[in-house]
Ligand SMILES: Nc1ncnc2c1ncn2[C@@H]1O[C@H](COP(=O)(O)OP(=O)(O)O)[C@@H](O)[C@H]1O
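In structure tokens, one chain follows: the form predicted on its own.
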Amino acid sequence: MRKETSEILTTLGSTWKTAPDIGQSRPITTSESIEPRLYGRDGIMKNIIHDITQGKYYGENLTVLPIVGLGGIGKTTLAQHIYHNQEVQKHFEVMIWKCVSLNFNVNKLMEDVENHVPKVQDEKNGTAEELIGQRIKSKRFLLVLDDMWEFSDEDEWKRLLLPFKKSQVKGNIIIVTTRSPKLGEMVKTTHHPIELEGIDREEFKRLFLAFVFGDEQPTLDHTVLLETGYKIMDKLKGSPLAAKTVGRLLRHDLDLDHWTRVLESKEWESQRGSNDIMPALKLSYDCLPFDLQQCFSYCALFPQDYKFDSKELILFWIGQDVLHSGDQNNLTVEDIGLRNIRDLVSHGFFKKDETEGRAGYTIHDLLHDLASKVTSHECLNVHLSSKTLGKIRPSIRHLSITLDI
């Protein structure tokens, strides 16, 4: 690992300086749902819960159930609501949630799962695979593998499944969420993967209005405003993530001129394909104050799904010299950093995460892609497991290296 890192730094030349680690490994996503209500997915959630607790998968030894859909369409949120359903909680004796994301490392995944499976009496020492097999032998389990992208070959996937096939109880379930239809077809044991599409218009309208107006209902005074709002909504392709970011953008200024500028923005012209929501995210980014744009965009140097705490993030921003008081000279730089974090949460660019015993913040994968896009001329994140480093632009000024440990 040190050799590979040295090779990357050698490629960059002698003018580079190193900074302290901002993260050596990819933290997991959480089973805790950020969104308290699930819009437009009630029917599919009820069907899945019925099938895994008493329906067609109840009598099977092991079922792999892929949930496939575009980024931002709500795969993780659906899986979170299933995972925390009371009927599901009572049905499964062992429940495990793991984020897989960009790099499928079967050894690391086995170790992580083994650490989350409760020990049993008189278990024998062994490898992670052997310990998992012993511990789930007489227990029904649910394993969620969230945000899975790829694996090197099918044998690696089969190797992962081996210890889970040792359970002597029927009705074991593995749920896989992925953007890749090919991966979904490869891992499924069901007839078809569950394919998530955009939320239907009426339910999407409720979601959109919830992000724009919060708990309050729009009034007659908003009638003209909503005519423009619904035209904007139709450009969001039924995507919950787009509804969140654009809805929050509109919420911060309930003014017809502002909403009309959003509707008539030329950013929509860059939309590629019928499901592309990146223009909606970029539009929301463009409307952020400049200091928030800087704070958000430099987060491209963190790996995807990274959970960072406020102190770490503020120190990072101080190092980048992006925290400025403006006219508020009575604020400390730490106060400004905390205010910016709150504002980015309010605008939908950060998600607050208080699981695993500590508060932190995460960024959705597509928003991370956006940050990488807008800083591509000066920031680069390199994953050590990447097959090729590629050519580094001369304009790159900030480099982070992500390690799997």
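Please read these numbers as outputs of a predicted model, since none were measured by experiment. Numbers follow the displayed sequence, beginning with 1.
As for the form predicted in complex with this ligand, it is not shown, yet the points below apply to it.
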item	value
Selected contact from I194, L142, L241, M233, since only one has a non-hydrogen atom within 4.5 angstroms of this ligand in the predicted bound form	L241
Option touching this ligand, based on a heavy atom within 4.5 Å in the predicted bound form, out of I73, V246, V262, I132	I73
Contact of H368 with this ligand in the predicted bound form (heavy atom, 4.5 Å)	no
Any non-hydrogen atom of I199 within 4.5 angstroms of this ligand in the predicted bound form	yes
Partner contact for H347 in the predicted bound form: this ligand, 4.5 angstroms, heavy atom	no
Any non-hydrogen atom of L207 within 4.5 angstroms of this ligand in the predicted bound form	yes
Interface stretch in the predicted bound form with this ligand - options 75-83, 249-257, 222-230, 294-302, non-hydrogen atom within 4.5 Å	75-83
